[in-house]
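Next up: just one chain, as structure tokens, the form predicted alone.
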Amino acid sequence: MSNIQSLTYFLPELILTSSAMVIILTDVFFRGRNRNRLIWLLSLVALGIAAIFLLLQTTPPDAIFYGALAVDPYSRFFKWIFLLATVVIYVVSPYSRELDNNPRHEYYLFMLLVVFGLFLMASALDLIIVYLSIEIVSIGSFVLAGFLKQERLSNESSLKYVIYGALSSGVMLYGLSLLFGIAGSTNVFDIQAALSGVPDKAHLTLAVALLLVLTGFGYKIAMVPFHFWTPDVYQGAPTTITAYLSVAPKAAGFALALRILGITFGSSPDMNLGEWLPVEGLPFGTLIAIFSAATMTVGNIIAIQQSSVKRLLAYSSIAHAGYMLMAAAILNAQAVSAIMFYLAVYLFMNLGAFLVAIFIHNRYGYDEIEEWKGLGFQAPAVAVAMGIFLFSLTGLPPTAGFVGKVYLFSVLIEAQQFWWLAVLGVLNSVVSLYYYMRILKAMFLDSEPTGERISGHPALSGTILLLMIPVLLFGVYWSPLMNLVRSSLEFFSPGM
């Protein structure tokens, strides 16, 4: 599709970029004391308009800008995840005291730019777009992670994020260049067609390219051994940004990896999800299974040793990437739908847990688990919500996390492959129960009931309780969400 024709299908992204330019101009020409509030409202309106245009995109799968981007149900599903996560963070950001005395208009601007990059990641069909979209998200995230410029930890988190991000991007770019050298094209479908005729002498180059590209994707989803940036960045960044980074870029990383790797190294040229092609000397499915085992185990084992709530949730986020990688070891429709379902419920339970951390930090500035003693009696509704989020992250019924993990495990069981990985996943879930329950023990069991009651801003408390509803609802009635996931499992392919 030509560039002019493509603009009709690119309206949500155009709204985000044009709104970013409007915010820049507003920042330049409007110097009133309500500038932050005005830019906040403009950003929310932009997200709302982008959501409307996304809702109106009901066309069959197609490719725009001469095949560089896909417009299909698969990308739209992930774009809704990005929008929901962004709206939640926008709603609570004005009431996070961590952001006081900082220029919030820049904060809202960079978040819009990050959302734009996430949209591109979900739709990318060209290696150049893959790299540019990751860089747009990364650069915006670097700035947001170091947004608290007066705090040493925030500066440290941004610096580490930049170093790891630059290194992983460079390594991935080299891998992409090798794929281009082998195939002579940057379009993933052309690459897939070219790989089927690769001579034996090029298999080593192909294996190296695959590993290098996997490094870049592994960095985005915090996969071991590319996870080292995660705990320090999560701890030093504003908690709102930590919550956002734990959900939206991770979902985008999975969306991009499943599409790009599924096309280039999958057995079905029309992206009908067959199985991973064997690269000589590099069994891809087994490799992903090993990464999955290492990721969930390292994340959970190190989480046990954490005393900081934010660092604990950071290592927990690493472990959850490992759970989703279990299904990625099997390339079929059931595996991809299980990952998409889990990402959807992970949005609610993980954002909810981080918002409770914001609630407590606003009141007391606490981050250590030991400092949360007695909070179950001082803020019972929020503490109960935290318990539900933690139960769901563990995978206990009747929560959405339990249903999500059942789907992930069922992929391995029905495929009758990697049984050992399913057993390891169950054992890791048991391990996670221990460190999640440490938080609940501190809130409810480590102090006597008191008459003191604390409350937060209604927007923050209300958002926490709203996020609790889908965590419980999808734990007992999950079929509508799974039906949505399955209807979204439709990819663009040139043969359509």
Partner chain sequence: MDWLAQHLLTLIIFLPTVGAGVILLLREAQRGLIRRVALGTSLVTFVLSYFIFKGFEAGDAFQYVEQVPWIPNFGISYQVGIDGISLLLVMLTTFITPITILSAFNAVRQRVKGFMVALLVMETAMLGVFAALDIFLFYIFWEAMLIPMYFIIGVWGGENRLYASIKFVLFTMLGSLLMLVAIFALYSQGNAQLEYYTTSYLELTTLKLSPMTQTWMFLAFALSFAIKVPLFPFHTWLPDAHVEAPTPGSVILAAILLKMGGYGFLRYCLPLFPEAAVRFTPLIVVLAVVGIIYGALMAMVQPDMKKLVAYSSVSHLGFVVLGIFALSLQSVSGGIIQMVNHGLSTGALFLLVGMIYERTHTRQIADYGGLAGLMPRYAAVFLIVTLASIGLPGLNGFVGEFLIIVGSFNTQPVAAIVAVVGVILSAIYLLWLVHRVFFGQPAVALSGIGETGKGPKLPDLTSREWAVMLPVLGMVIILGVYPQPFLKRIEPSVTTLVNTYWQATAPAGIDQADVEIIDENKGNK
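All values derive from a computational prediction rather than experimental measurement. Residue numbers count along the first chain shown, from 1.
Separately, the form predicted in complex with its partner chain exists; it is not shown, and the next lines address it.
Contact annotation for the candidate site: R104, I182 and W229 all lie away from its partner chain in the model of the complex (no heavy atom within 4.5 Å).
In the model of the complex, none of the heavy atoms of L11 sits within 4.5 Å of a heavy atom of its partner chain. Although the partner is absent here, D446 sits close enough that one of its heavy atoms falls within 4.5 Å of its partner chain in the model of the complex. At least one heavy atom of M482 is located within 4.5 Å of its partner chain in the model of the complex. When its partner chain is considered in the model of the complex, M21 lies well away from it, no heavy atom lying within 4.5 Å. With the partner omitted from this view, the residue of F265, F189, Y407, F254 that lies near its partner chain in the model of the complex is Y407 [heavy atom within 4.5 Å]. Scanning L433, L38, A51, L44 against its partner chain in the model of the complex with a 4.5 Å heavy atom cut-off leaves one residue, L433. Only one segment in the set 60-68, 460-468, 22-30, 424-432 has residues whose heavy atoms sit within 4.5 Å of its partner chain in the model of the complex; it is 424-432.
Contacts between stretch 459-479 and its partner chain, counted in the model of the complex as any heavy atom lying within 4.5 Å, involve V476, Y477, W478, S479, listed in sequence order.
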